[in-house]
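A single chain, nothing else alongside it, follows as structure tokens in the form predicted alone.
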Amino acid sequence: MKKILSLVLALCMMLCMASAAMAEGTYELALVTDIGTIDDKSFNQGSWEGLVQYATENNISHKYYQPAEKSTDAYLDSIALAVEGGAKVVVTPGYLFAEPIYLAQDMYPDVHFILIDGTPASADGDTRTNANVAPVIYAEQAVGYLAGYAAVKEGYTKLGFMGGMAVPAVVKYGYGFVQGAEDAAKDLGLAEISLNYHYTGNFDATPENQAMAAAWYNDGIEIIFACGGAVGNSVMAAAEAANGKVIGVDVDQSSESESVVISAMKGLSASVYQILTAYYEGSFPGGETILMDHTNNGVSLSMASSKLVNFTQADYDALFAKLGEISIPDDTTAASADQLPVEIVKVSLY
């Protein structure tokens, strides 16, 4: 009898140890990056920081997964790894996850997804958001407007906008930037402002992107709003060589380069943190798109680290308070940036 009892106890200990080992290899919260990394000083990092903050405060296991390439299949492979690893909630930052999440929401109905910067959409354009998906979009046009206004108020009259891929979030940043510059020019009584406008077609730091930014600076462009993830690194490198200035994007990028005078920020970390809080409180906001704008800490300029002198905190506060009254073009208003309703800003497409 004693031998049997000993065997039972030993078996129980082995099962407990095996269970503990399995638990150590699981991660309840997961983030899958797009083509960037979690330290990209952009939306991957901002989203990851929100996840880490919540997980750390609540002692929840967490991990990130980085796809091997930029493709729907690669993104789905990483999502599968996260689910196999025990993820209950998967955060996917970036518009490029629209199709993968459209598919994953059916493949993993018991897993919840937070889709940053987009909404689920199939390759043929069908859109559907299941109850296990919380898509988050931002009013990029509003913070782009703030950035454009601030640049002109500071005294810059030769501007540049260099976006990455022409996805809605990037386009809205650019259109808002143009409109903000236009309104500031009117308020200051300026006759004309020039603005170079270009989409690189990627979110990478490349010699080609740096060369174009360098050419702009050499031609007299004073400040470039860089909206394309690692494209910003190319612009910053060119700015440092030419003593030019940069407006950062998505998060406060002032620590990346002395050339960054201010950043147009989205509340990425706060968004992820808020939705995770709701999930664990039993009120996951799935099935409907969440808009983060000036009313809920969704967008802002990095005034705490601003290097601007003429555009003051008082200027910012007054302008921010008026955002709800200002009509700012979004990605459906014009077919191209040079078709925006401006009079003073002269847009040159590249």
Partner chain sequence: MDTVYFLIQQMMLFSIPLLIVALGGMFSERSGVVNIALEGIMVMGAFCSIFFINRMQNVLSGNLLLILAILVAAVSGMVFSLLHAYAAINMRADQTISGTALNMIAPAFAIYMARSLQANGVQQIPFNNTFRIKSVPLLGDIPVIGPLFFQNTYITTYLGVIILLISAFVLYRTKFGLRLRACGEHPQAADSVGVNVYRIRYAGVAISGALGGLGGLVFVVPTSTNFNATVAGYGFLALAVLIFGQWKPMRILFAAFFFGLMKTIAASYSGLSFLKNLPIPSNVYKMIPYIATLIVLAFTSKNSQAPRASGVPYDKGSR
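Numbering follows the first chain given and starts at 1. Quick caveat: nothing in here was measured; it's all calculated off a predicted structure. Here the rigid core means the biggest group of C-alpha atoms that line up within 1.5 Å when the two forms are laid on top of each other.
Not pictured, yet referred to below: the form predicted together with the partner chain.
Novice: Can you pick out, from Met212, Val167, Ala139, Leu76, the residue that has a heavy atom within 4.5 Å of the partner chain in the predicted complex?
Specialist: None of the other options qualify; the answer is Met212.
Novice: I need to confirm a contact call. Of Ala278, Met107, Ala270, Ala241, which residue comes within 4.5 Å of the partner chain in the predicted complex, counting heavy atoms only?
Specialist: Of the candidates Ala278, Met107, Ala270, Ala241, Ala241 is the one lying within 4.5 Å of the partner chain in the predicted complex.
Novice: Looking at 214-222, 244-252, 116-124, 184-192, which one sits within 4.5 Å of the partner chain in the predicted complex if you count heavy atoms only?
Specialist: The contacting stretch is 214-222.
Novice: In the predicted complex, is there a heavy atom of the partner chain that lies within 4.5 Å of any heavy atom of Asp39, even though the partner is absent here?
Specialist: Output for Asp39 is yes: heavy atoms within 4.5 Å of the partner chain.
Novice: Taking the shortest heavy atom distance, is Asn132 within 4.5 Å of the partner chain in the predicted complex?
Specialist: It does not: once the partner chain is placed as it appears in the predicted complex, Asn132 has no heavy atom within 4.5 Å of it.
Novice: Classify Asn196 as contacting or not contacting the partner chain in the predicted complex by the rule of any non-hydrogen atom within 4.5 angstroms, answering yes or no.
Specialist: Answer yes; at least one heavy atom of Asn196 falls within 4.5 Å of the partner chain in the predicted complex.
Novice: Spell out, yes or no, whether the shortest heavy atom distance between Thr206 and the partner chain in the predicted complex is within 4.5 Å.
Specialist: Yes.
Novice: Quick check: do Ala237, Glu256 and Tyr350 each get a heavy atom within 4.5 Å of the partner chain in the predicted complex?
Specialist: So, yes: the whole triplet contacts the partner chain.
Novice: Going through 53-90 from first to last, which residues have a non-hydrogen atom within 4.5 Å of the partner chain in the predicted complex?
Specialist: Residue within 4.5 Å: Tyr64, and no other.
Novice: 2 Å or more on the CA of Met212 between this form and the one not shown, with the rigid core superposed, yes or no?
Specialist: Yes, the C-alpha moves 2 Å or more.
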